[in-house]
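Taking the form predicted alone, here's one chain by itself in structure tokens.
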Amino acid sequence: MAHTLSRREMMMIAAAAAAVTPIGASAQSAAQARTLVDSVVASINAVIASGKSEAGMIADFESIFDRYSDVATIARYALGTDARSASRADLDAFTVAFRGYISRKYGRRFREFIGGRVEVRGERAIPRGIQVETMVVLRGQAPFRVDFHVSDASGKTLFFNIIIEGIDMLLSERTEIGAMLDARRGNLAQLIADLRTL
């Protein structure tokens, strides 16, 4: 009997294919990408050193994500093929809900860097823009890489992906959002409502 691909398997195949497909053309320079990530890192380091409560720090990380990332591109990529069939209103609502969800999620991850610092190490061209390598240096632990993928395809120089210790945000979120939508039987409105609480 032939194996029928599940929706999740199809989305994972699409995600893998999209990983080598440019999100958009980029005419930016490595210097522009480095400048953006320098600003991101300075902001992250300031939050790490602020001594704020968890809620306060996560709110600051949300602001960093909102200011420096291409949220609309990340949200559309995470939604995958469902983004094509969604109405403009639903896509806008998903983008807003996703912005809060992804900012809180990665804000909690960056909060783990308290007591350390993030250092920008270098940059190189990649098919979809510029990759800027940073290193997280924590007390009593081995340093680890966090790479930012930067593009100006949106008209502004923004990061559209983060890779933390080899974990690709775009691919991970596409898989997770697809699984969450599957669990809700494709009900995008329910997914939007639930993302606001995560």
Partner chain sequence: MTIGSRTAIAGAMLTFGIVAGCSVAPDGVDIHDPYESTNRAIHGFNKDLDSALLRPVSTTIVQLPDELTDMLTNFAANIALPGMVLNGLLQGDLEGAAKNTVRFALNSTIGIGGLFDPAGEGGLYEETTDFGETLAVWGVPEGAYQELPILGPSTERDTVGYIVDLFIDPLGHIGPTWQSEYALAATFGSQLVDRGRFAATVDSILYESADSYAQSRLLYLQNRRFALGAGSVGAYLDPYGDDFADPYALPAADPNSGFVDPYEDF
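Keep in mind that what you see is a predicted model, and the values were worked out from it rather than measured. Numbering follows the first chain given and starts at 1.
One more form of this protein should be noted, the form predicted together with its partner chain, which is absent from this view; the next part is about it.
Of the candidate stretches 58-66, 158-166, 42-50, 29-37, only 158-166 contains residues with a heavy atom within 4.5 Å of its partner chain in the model of the complex. In the model of the complex, its partner chain stays beyond 4.5 Å of every heavy atom belonging to G115.
In the model of the complex, its partner chain lies within 4.5 Å of some heavy atom of R84. Interface residue remark: M180 is counted as part of the site for its partner chain in the model of the complex, having a heavy atom within 4.5 Å. By the criterion of a heavy atom within 4.5 Å, P127 is counted among the residues contacting its partner chain in the model of the complex. Residues D70, T73 are the members of 51-73 with a non-hydrogen atom no more than 4.5 angstroms from its partner chain in the model of the complex.
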